[in-house]
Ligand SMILES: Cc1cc2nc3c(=O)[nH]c(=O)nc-3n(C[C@H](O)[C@H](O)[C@H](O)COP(=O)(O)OP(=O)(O)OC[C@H]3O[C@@H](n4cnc5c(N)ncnc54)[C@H](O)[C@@H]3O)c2cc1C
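Just one chain is shown here, as structure tokens, and it is the form predicted alone.
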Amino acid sequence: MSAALIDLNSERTRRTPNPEQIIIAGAGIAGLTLALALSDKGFQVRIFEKSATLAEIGAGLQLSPNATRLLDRLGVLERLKYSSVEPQAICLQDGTSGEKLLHLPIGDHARERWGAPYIVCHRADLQNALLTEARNRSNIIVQLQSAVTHHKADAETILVRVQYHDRIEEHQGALLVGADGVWSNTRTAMSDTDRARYTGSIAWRSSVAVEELPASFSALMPPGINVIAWTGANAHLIAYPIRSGQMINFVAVAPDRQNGRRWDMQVNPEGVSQNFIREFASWHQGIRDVLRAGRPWTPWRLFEMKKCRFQLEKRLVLIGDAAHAMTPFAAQGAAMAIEDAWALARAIGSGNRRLDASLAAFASARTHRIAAVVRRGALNQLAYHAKGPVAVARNILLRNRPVEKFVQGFDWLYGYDAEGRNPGEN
């Protein structure tokens, strides 16, 4: 990104000076959560979002207790009450035989152990809940169809240039936060080695109404409302309810054999989905049936950041996918964006340190946290996609290790509080 602000005296340029406000690029989960967290701390916040509308993009997502406890403090969890689902368990099953490998209780167990619920919902429902809450706050302005194009910082403030319809706006603030996703414009000044890279895998997504599920697949599902993962060689399938339990969201992750590791090749969902379904040709009949029933399958190429980057300049910070795009194997993408937002609001709202020191501490703590989550995701990928003797050993371990040991293994992840509160503190 160019740091120069050109044509400062243009008649098409409108200036809005407010050196105390926080400016956010992007009205996704990260940006909206940050706006709400900053609002609670008394900041004036302005969000710029390049889209004309916040449409129902994406699909389902899982929100573990480390995220829902923060959403609850914002009043957003209550808004999700009727559209989200609180599953009773996370189940792992063998994709070929359908055999149950592991049954991890969550539901009431999550509330008791980690102090917050584990829920699943549609991404659009979460974004709408965040947006509705933001629009109810007098110190938050959400401006659509506006893209941050340039910035220039000095010792005290940052000036940003925003393209809005047929005019240019300039806004002054204390900080610019890039929360504009994996293809972040805010991050374009970074070198190619720091940008998100294509993993060579695609997450194929679809949703099927409960009453339209094939009988052969329904027979595979364990009793109750659950998050279910079927494992297999080089691929896996995840299913869980969304939209108040009326739909089942599916995510099937498989190699991109059509284009190799070429992310710039166009994906034709109708044609390529046939190749994707062939990846599961040896899987259980019920899974093959639901893959055929789930059309259209929408491809989402999986990207990851080789290097996590939070702070680019003294007054320019990244959060969410803009800072650390990660694969979905730990089911923590949305949760990490929410944690980032809370941690940043806490850092700059503490009032007891200089801004540069607060941001440095924030970046250091979040880098370590993200690294731990990325390691867990890599471990999950190995476990989910194992084949041959490794898969046999995995199944033996999952069947025979005490469930409590697996539950304990999530304490560091689900019990984490990004606001730094002690257990039991309100």
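These numbers come from a predicted model, not from an experiment. All residue numbers refer to positions in the sequence shown, first residue = 1.
The form predicted in complex with the named molecule exists for this protein as well; it is not shown, and the discussion that follows is about that form.
- You can rule out all but one of 73-81, 97-105, 277-285, 313-321: in the predicted complex, only 313-321 has residues with a heavy atom within 4.5 Å of the named molecule.
- Using a 4.5 angstroms heavy atom cutoff to the named molecule in the predicted complex, none of 91, 229 and 368 count as contacting.
- Interface residue among 240, 217, 114, 342, judged by heavy atoms within 4.5 Å of the named molecule in the predicted complex: 240.
- Just one of 181, 87, 173, 294 comes within 4.5 Å of the named molecule in the predicted complex, counting any heavy atom, and that one is 181.
- In the predicted complex, the named molecule stays beyond 4.5 Å of every heavy atom belonging to residue 254.
- At a distance threshold of 4.5 angstroms between non-hydrogen atoms, residue 28 is in contact with the named molecule in the predicted complex.
- In the predicted complex, none of the heavy atoms of residue 201 sits within 4.5 Å of a heavy atom of the named molecule.
- Taking the partner from elsewhere, residue 157 is found to have every heavy atom lying beyond 4.5 Å of the named molecule in the predicted complex.
- Along 135-158, residues 146, 147, 148 each place a heavy atom within 4.5 Å of the named molecule in the predicted complex.
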